[in-house]
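As a starting point, one isolated chain is supplied in structure tokens, in the form predicted alone.
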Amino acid sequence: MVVKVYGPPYASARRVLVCLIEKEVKFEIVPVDILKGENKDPKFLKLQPFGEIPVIEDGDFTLYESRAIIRYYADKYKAQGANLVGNTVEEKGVIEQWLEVEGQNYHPHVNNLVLQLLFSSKLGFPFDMKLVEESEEKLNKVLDIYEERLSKSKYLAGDFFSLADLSHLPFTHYLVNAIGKEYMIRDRVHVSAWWDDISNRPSWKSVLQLAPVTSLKEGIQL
């Protein structure tokens, strides 16, 4: 059965797409143009009452929230494709720990930077320089912790690639390639090596090829 992934093939939807590729699960993308407000259409709201993307339909099963989706597929197809959830309860616990770190400590600051530096002028909300400065300061502190962690293990949860690393791909891609903050990764030896490793996985390269055209008519590939 082919999984339906609702949403444009960028931002958080990429978290789902790269997981599906890693797990060798067939999928089709159902476009949802958030710039035209299609995510607020009553039909879409029946799938996702908050009007956010992505959403998946797996037969009769519907699920939203990208991190919940990747957990679902990593567990459902544990014996298929890459093992993204570890082999022991302890390994899974550490993966879950770093998934929470990504969602609670890393992503909010990266997201603020991306929204302000990449989208504020395009989506018509006021640019907040103070928020940019505060978010960069906070993200630097988080990345210092990452540098320490990655000096001891190749990946965040240990010496194996997992959901904890995968979840960082979409918005770190923006940080490095779209908003002029590459130095935040490159100035940290171990974080930089980790990023080079995970961003060169064939699955991620395949995801980037799903949206070869630029978005928002601004010459930026999202």
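Sequential numbering from 1, following the sequence displayed. These figures come from a predicted structure and were not determined experimentally.
Missing here is the form predicted in complex with a further copy of the same chain; even so, the following discussion is about that form.
Residue in contact with a further copy of the same chain in the predicted complex (any heavy atom within 4.5 Å), chosen from V132, L150, V94, L118: V94. Taken together, F50, E100 and N105 are fully in contact with a further copy of the same chain in the predicted complex: each brings a heavy atom within 4.5 Å.
Shown alone here, E137 lies farther than 4.5 Å from a further copy of the same chain in the predicted complex, counting heavy atoms only.
a further copy of the same chain in the predicted complex comes within 4.5 Å of no heavy atom belonging to A82.
Proximity of E90 to a further copy of the same chain in the predicted complex: non-hydrogen atoms within 4.5 Å are present. When contacts are judged by a 4.5 Å heavy atom cut-off, L123 does not count as touching a further copy of the same chain in the predicted complex.
Stretch-level contact analysis of 35-43, 169-177, 50-58, 184-192 against a further copy of the same chain in the predicted complex, using heavy atoms and a 4.5 Å limit, identifies 50-58. Residue V142 is the only one in 127-144 with at least one heavy atom within 4.5 Å of a further copy of the same chain in the predicted complex.
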